[in-house]
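Starting off, we have a lone chain in the form predicted on its own, written out as structure tokens.
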């Protein structure tokens, strides 16, 4: 499968008014293609930190920088792409089996992550060579 079929940018409606901004993200196919089972956020990182560095066999993700900015390098074992997340109304959807590195966090970065599954450490692939073997690439 081509990498650009394994991720996509999603832009959410800003329902704000003169009182301020309001961005809503709904699961179950409304805004994102999965039911949200887990939510976490990353903050306090800086431009020297790399987070992620793993793939998931079954979990789908949506990453949204609700504050500041960060970059995400996505990799399917053949192709890579770098996406900058710098708008709170923009999300990066990742299908299962995409290697992800989050990095270059601005000082005010808050990276919100929505997941399709509850945490299960056994479905994480944290070794890149193992990941390459699982996606059928030579190591």
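Please read all numbers here as calculations on a predicted model, not as lab measurements. Numbering follows the first chain given and starts at 1.
Below: the form predicted together with a small molecule, not depicted.
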> Where, among 73-81, 35-43, 88-96, 22-30, do residues come within 4.5 Å of the small molecule in the model of the complex by heavy atom distance?
Replying inline: 35-43
> Contact between residue 52 and the small molecule in the model of the complex at 4.5 Å, heavy atoms?
Replying inline: yes
> Heavy atom to heavy atom, is residue 102 within 4.5 Å of the small molecule in the model of the complex?
Replying inline: yes
>> Quick check on residue 11: any heavy atom within 4.5 Å of the small molecule in the model of the complex?
In response: no
